[in-house]
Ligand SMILES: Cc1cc2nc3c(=O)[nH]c(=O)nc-3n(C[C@H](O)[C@H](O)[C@H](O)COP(=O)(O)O)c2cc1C
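Shown next as structure tokens: one chain only, the form predicted alone.
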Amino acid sequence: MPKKQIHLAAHFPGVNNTTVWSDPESGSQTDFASFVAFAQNAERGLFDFLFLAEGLRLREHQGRIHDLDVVGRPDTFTVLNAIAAVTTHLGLGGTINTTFNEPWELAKQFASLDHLSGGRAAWNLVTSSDAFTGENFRRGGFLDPAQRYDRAQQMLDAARELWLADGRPVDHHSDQFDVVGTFPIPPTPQGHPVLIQSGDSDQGREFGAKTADAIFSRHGSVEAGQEFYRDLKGRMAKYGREQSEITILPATTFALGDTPEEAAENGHRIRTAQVSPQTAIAFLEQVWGRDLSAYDPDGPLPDIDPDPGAQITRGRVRHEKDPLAVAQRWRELAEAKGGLSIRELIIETTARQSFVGTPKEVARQMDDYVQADASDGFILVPHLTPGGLDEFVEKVVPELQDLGSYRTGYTGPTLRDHLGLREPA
């Protein structure tokens, strides 16, 4: 029986502290040369697609720019269209918000990208309802959080109707949108772009099971990955979909070495650099909702409780809804681990799934993870830009190919070909 094949994508750094910008080997996040080097190396490694996150406004922490994150990045469509010209097979995935855009314009931009790239476009649909993000848009932060997936679904329905109209006039009406006219872009090479979704709430999972071609998940361990995999794919039948129609890709990092000991040392060095003392305190303040700058990052957790109603970081998706419960869990974890300091605890709790070892060991770990149905592959988030994928492509990809679980060449020109997806009806 053929082995399940591993899918790989590459995340150019977004709003996070994964990339160690203080490293002398880190380059620019705005210089086009960075995008070219990163994308061409991903293509050399036969990756399915490159992935760009979205930041509509710089985040603020304690009323100031949160400069522990990436500070600024170019427009998604401009970057992806430019990358299309310097690559031939790599898929081009862009995160575009469904709350602050209109379907006609957005459908035209993605259809154009799909044409210009020869069928390599992907749209990562995200929702946002916060006023901080919406202040710079015509409708502002108008949307009730409970309605955000309704608007996302209506946005997608309208865009899909435009993509598949094939020259026929469109007369589409919903609560959010009225779309009338003949779409100016002909049918695209993929029918329409591949649809990626990353929401993890119950509403987000339903939306993904109904609509997505790929899921960008955040479930790292094998057990958590398997639970998410079963749950998400188990929801698809009621929408008349086969489980093979969705590819689940958790974000992951990696650290390599010539020996296990060297890899472990590299992994520890990277994690320590990713969580500086200032980053540790900032992460803690996001949960506590208080100014904790007087606390020693190498000391114990604060003995005061979080302020449940406060949110001092604006522009951030808050995955944890109950700060008091998080604080209690963190205190118990710190004690169980022998008295972790604030920084040690943040390193422990904010780590993504990370594969650490020699290239052969990392390949084996990734293969085991996918064969156990904890995912269908990974979106790699390297700690260096733009050269963070180089060692992986040179050393781990050949090991995956030797295991028989990774392609040795692209089998078609489009992203749907890479993912084994049919064209939409």
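Numbers for residues come from their place in the sequence shown, where the first is 1. Computed from a predicted model, the values in this text were never measured in an experiment.
Here the subject shifts to the form predicted together with this ligand, a form of this protein not shown in this document.
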- Query: this ligand isn't shown here, but in the model of the complex which of A37, A53, V393, V356 has a heavy atom within 4.5 Å of it?
  - Reply: A53
- Item | Answer option from R271, H172, K233, R148, heavy atom within 4.5 Å of this ligand in the model of the complex | R148
- Message: Only one of these stretches, 53-61, 368-376, 37-45, 385-393, has heavy atoms within 4.5 Å of this ligand in the model of the complex; which one is it?
- Response: 53-61
- Task: Report whether all of T95, T127 and F216 sit within 4.5 Å of this ligand in the model of the complex, measuring from non-hydrogen atoms.
- Result: yes
- Give a yes or no for T88: in the model of the complex, does one of its heavy atoms lie within 4.5 Å of a heavy atom belonging to this ligand? no
- Though only this chain appears here, would T211 touch this ligand in the model of the complex if you measure heavy atom gaps against 4.5 Å? no
- Consider G220 of the chain shown here, and say whether it contacts this ligand in the model of the complex, taking contact as heavy atoms within 4.5 Å. no
- Evaluate E245 for contact with this ligand in the model of the complex, applying a 4.5 angstroms cut-off between non-hydrogen atoms, and reply yes or no. no
- So which bits of 384-414 sit within 4.5 Å of this ligand in the model of the complex, heavy atoms only? none
